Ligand SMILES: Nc1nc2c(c(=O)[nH]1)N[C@H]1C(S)=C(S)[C@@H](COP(=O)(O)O)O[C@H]1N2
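Only one chain is included here, represented as structure tokens and corresponding to the form predicted on its own.
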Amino acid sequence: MQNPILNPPAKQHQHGGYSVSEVTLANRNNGTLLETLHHDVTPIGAHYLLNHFDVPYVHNALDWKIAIEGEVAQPFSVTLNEILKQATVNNQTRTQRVTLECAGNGRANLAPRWPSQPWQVEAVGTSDWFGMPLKYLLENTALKSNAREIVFYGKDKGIDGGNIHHFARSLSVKDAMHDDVMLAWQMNGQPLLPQHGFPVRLIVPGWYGMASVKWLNKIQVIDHSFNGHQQTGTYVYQKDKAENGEPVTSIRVKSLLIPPGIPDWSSRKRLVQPGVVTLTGRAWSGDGAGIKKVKWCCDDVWQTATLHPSTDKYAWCKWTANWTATPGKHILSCRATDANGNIQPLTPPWDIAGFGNNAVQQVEVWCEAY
């Protein structure tokens, strides 16, 4: 009998109810509570969470080592304590407010859907990340002239698609040396929680969350394109399996509406009183592109919302609008346009693994005096 973990059956798209494995993943990984979108910075306990494997146990954070090897003049390792001292002495620390979103956010809204973490719209959050730009560490490594990509390895290890590996992602040398890519060891003024990458992680602003490797313990400089499982075996846009696909990188323009009124316990459908209801939401896009406008919709009638621009180029912005609710059933939506002219689609873009679904959200609301 073949080991089914190392020789898994081929996955098939699913219709209807969620499988036991999807429910198991959903119980391990939490989404942002949409009502916390009122906060400019997501409370740590409400920030979305996606971990592929087990959360590593860390006994002593200051002794945590990051090995730097490959196409460098001299391989070496550095402790977090040494990084902290370098950053402090050289005044290299900084805080960046960054919105992170899971590349699979919205997967559950495709039909048929790919069997994986069944996100609907809630896999997004914004935090103040504190640390130092990665380039300050890389500048000490003396990269060789043939260096092409830099691979970032996390301590977390497991099996995906029958492949045993540590979670790892790469960036081009140019992208890795960008001023805003950082090593982070605090989140909202506190040490990282274990599930968020304690003691140190990568933050790649403007890219989907898979690039921000947690529990970072090895950096490898290579002279070729990295073909690790999390780089080429997944996180690739594909219309069908025959395509080579396109790598998932920067976040697509998106917006969310905080569901108004009060919720039904199980369906999460909403009940509001007749009269003026203030609608509030968030909008964001990738690569530091700001949001140009947000429109909101009630029953297929679109209107322009009031935009409250963010002062942080990688963080979401707030939008508001006043809706006069009348008795009956209504469908509310919102739609963002970024500074590059990208607009959210009305229907989900098809991807076999459900990546990059930035279609407009729909919220069912019933209006009745109560």
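From 1 onward, residues are counted along the sequence shown. Source: prediction; values computed, not measured.
We do not show the form predicted in complex with the named molecule, though everything after this point is about it.
**Q** Exactly one of 102, 222, 258, 143 has a non-hydrogen atom within 4.5 Å of the named molecule in the model of the complex; which residue is it?
**A** Among 102, 222, 258, 143, a heavy atom within 4.5 Å of the named molecule in the model of the complex occurs only for 102.
**Q** Among 167, 237, 130, 114, which has at least one heavy atom within 4.5 Å of the named molecule in the model of the complex?
**A** Residue within 4.5 Å of the partner: 167.
**Q** Going by heavy atoms within 4.5 Å, which of 63-71, 303-311, 316-324, 44-52 lines up against the named molecule in the model of the complex?
**A** Among the candidates, contact is made by 44-52.
**Q** In the model of the complex, does residue 156 have a heavy atom within 4.5 Å of the named molecule?
**A** Taking the distances in the model of the complex, the answer for residue 156 is yes, it comes within 4.5 Å of the named molecule.
**Q** Is residue 209 close enough to the named molecule in the model of the complex to count, meaning some heavy atom within 4.5 Å?
**A** Yes - in the model of the complex, heavy atoms of residue 209 and the named molecule come within 4.5 Å of each other.
**Q** Taking the named molecule as it sits in the model of the complex, is residue 215 near enough to touch it, meaning that at least one heavy atom pair lies within 4.5 angstroms?
**A** Residue 215: yes, in contact with the named molecule in the model of the complex.
**Q** Is the gap between residue 273 and the named molecule in the model of the complex 4.5 Å or less for some heavy atom pair?
**A** Outside the cut-off, so no.
**Q** Scan 184-210 and note down the residues that get a heavy atom within 4.5 Å of the named molecule in the model of the complex; none is a fine answer too.
**A** Contacting residues: 195, 196, 201, 209, 210.
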